[in-house]
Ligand SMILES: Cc1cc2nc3c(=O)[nH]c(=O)nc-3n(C[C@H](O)[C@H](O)[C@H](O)COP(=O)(O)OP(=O)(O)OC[C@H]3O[C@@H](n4cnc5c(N)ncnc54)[C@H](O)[C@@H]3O)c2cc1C
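In structure tokens, one chain follows: the form predicted on its own.
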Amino acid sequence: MSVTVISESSNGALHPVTAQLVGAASSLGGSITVICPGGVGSSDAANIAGVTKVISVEGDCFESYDCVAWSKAISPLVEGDLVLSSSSAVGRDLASSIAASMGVPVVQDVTSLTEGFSATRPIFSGKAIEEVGISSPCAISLRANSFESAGDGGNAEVSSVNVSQDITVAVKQALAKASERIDVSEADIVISGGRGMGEPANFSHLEEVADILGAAVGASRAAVDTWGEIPHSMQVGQTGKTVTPNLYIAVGISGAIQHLAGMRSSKFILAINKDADAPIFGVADYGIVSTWEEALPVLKEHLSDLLSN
């Protein structure tokens, strides 16, 4: 079973109820992904015991709460069939909206949850307790202080997805995070394009970025199979070359399993794709939801500035 927990924040920090949500998820077994709206508390969420992965969802829409915008940004990143949120005003709102976007039922204000998917919740202003049977997929909001908190000691992977409409902001954040892990003067950098590049002539834009970084240019199998102009020698993947660079930039690549097999061991993965549901975001350390036409010019500009300083 895979469970997605929507974290709760307060005053710019992770709210303690998030650990309670993870504790409830742990009692059900399986993997646990924590999604942190606005990126708030992502490092703290990674330290919670039992968490498998943390997704930091960043963007200008998180500057203030807007249920529709938040739900639109978060829903494509939900993993598994069970979504847990707190039963705060925001948590209940998000649970309902995410459930609607997924086309699944929602159960609110749950105070107990069992592995067999039996839940209890107060009804009639707390005058009665209702026991309900739950089957996945569904979304559930849990009442605070009704579940034991998961402890510390976790070391989950943290990946970031930027849904900002301002591509300049997204690229700056991606480069800032990448520079924490790599030396951009090193040559072990690969930038690869997929069929999302539109046509082989557009790989010239990848070559321009590669020239700035001293990087190699790669391609997905889909690009190689579609266009004869893209040679097999550029193919990264299970039936191509396996690469383990410090930085791997995937542009217009959906993330088929055979491609992931050839690059997922890269130290830092930056993905640029207009499809927020693209599997590549599942392995990326930082994702930018954008077309390559919008993102690459900004990427080139800021790389040039970075390397000239």
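Heads up, when I say rigid core I mean the largest set of C-alphas that superpose within 1.5 Å between the two forms. Since we're looking at a predicted model, the values are computed, not measured. In this text, residue numbers run from 1 along the sequence as written.
One more form of this protein exists, namely the form predicted in complex with this ligand; it is left out here, but the text below deals with it.
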Would you mind picking the one in 165, 238, 112, 179 that has a heavy atom within 4.5 Å of this ligand in the model of the complex?
238
Assert contact residue (this ligand, in the model of the complex, non-hydrogen atom within 4.5 Å, options 273, 56, 266, 33) equals 273
Please pick out the stretch from 65-73, 257-265, 25-33, 48-56 that is in contact with this ligand in the model of the complex, where contact means heavy atoms within 4.5 Å.
257-265
If we define contact as a non-hydrogen atom of the residue within 4.5 angstroms of the partner, is residue 243 a contact of this ligand in the model of the complex?
no
Can you check whether residue 253 is within 4.5 Å of this ligand in the model of the complex, heavy atom basis?
yes
Contact of residue 91 with this ligand in the model of the complex (heavy atom, 4.5 Å):
no
Can you check whether residue 195 is within 4.5 Å of this ligand in the model of the complex, heavy atom basis?
yes
If we fit on the core, is the Cα of residue 291 displaced 2 Å or more between this form and the one not shown?
yes
If you line up the core, does residue 70 shift 2 angstroms or more at its C-alpha between this form and the one not shown?
no
Shift of residue 225 between this form and the one not shown at or above 2 Å (CA, core fit):
yes
